[in-house]
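Before any questions on how it binds or moves, here is one chain, the form predicted alone, in structure tokens.
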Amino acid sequence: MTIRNSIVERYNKNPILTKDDVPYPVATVHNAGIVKHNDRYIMLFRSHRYNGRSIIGRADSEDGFFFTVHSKPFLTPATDNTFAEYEEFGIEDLRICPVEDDYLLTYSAYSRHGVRIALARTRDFEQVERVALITQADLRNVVIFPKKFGGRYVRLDRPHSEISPWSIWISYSPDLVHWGDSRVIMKPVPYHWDEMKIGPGAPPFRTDKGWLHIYHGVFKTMAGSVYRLGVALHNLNDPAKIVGVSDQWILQPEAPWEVSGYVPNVVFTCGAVPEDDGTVKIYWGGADTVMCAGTAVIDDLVQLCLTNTRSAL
């Protein structure tokens, strides 16, 4: 199979969402979870308020490219119970993980205690139930696989650790609250485009060859860090086994709104939607400032993992 030079085709009207599209005051629109629900695309995006702390907004679309923002934020930091203490400084980078009949929402909760992951659930994107704080600090970027394995939920996450630098781990849970059997399954590669750190991006989705996971990788330069997107393929029956990791990135900052912004040189994904025609819509925050979209052929991404592979560990 021939891989095209451009793995991800950018939407020609990027950015698809900016702060000017939001009917309440925000400074940015970025790092959104995306899912297709009842034939509509639901985007839950992160925005900085003008005090620098983040909230989550909602936008809907018929075609996956033209989005309309709701009049009020979708999720703001809790003001009572345990969640309030750990969401005090804001909530960020939400992923939408379709599991069974629910959409599980994982997001970073920031407070004076550091950052940890909170889990909420919804069925209709109208009512939201906070379930649990599912990690300790400092840990972020949790995505949950869309099915159980051996009766347990499975997630990928990224602890902050300089002993095993910013690697991707896997963990298991019988009830979504208590997690364990954790182990590292993928590490950065020295002097490689993702050598500084890697982390889960969009929730994995099923292909005939394995679970496809679009992740982010970071390379430190003299001018600062560059965030790119890569792709890995996990075994269908045992997601702890990685079939292959593409040696090359699939997307890097190139457009003006990716190179320049609140955090320069960043493309960062929290969501991707596989389509029936064999393509996947990929969504990313550009420079932590705007939302962008593009498409890729799923088979191209799979083949990169199988034929142009670097070591997972």
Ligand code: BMA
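Computed from a predicted structure; not experimentally measured. Note that residue numbering begins at 1 and tracks the sequence as displayed.
Although not depicted, the form predicted together with this ligand is the subject of the following passage.
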Quiz item: Would you say all of Arg46, Tyr227 and Val263 touch this ligand in the model of the complex, counting a heavy atom within 4.5 Å as a touch?
Solution: yes
Quiz item: Of 242-250, 66-74, 264-272, 36-44, which is the one stretch near this ligand in the model of the complex, taking non-hydrogen atoms within 4.5 angstroms as near?
Solution: 264-272
Quiz item: Taking heavy atoms only, is Asp60 within 4.5 angstroms of this ligand in the model of the complex?
Solution: no
Practice problem: Indicate whether Arg140 is a 4.5 Å heavy atom neighbour of this ligand in the model of the complex. | Solution: yes
Quiz prompt | Partner contact for Arg116 in the model of the complex: this ligand, 4.5 angstroms, heavy atom | solution = no
Quiz item: Would Glu87 count as a contact of this ligand in the model of the complex, using a 4.5 angstroms cut-off between non-hydrogen atoms?
Solution: no
Quiz item: Does any residue in 278-313 get within 4.5 Å of this ligand in the model of the complex, counting heavy atoms only, and if so which ones?
Solution: Asp288
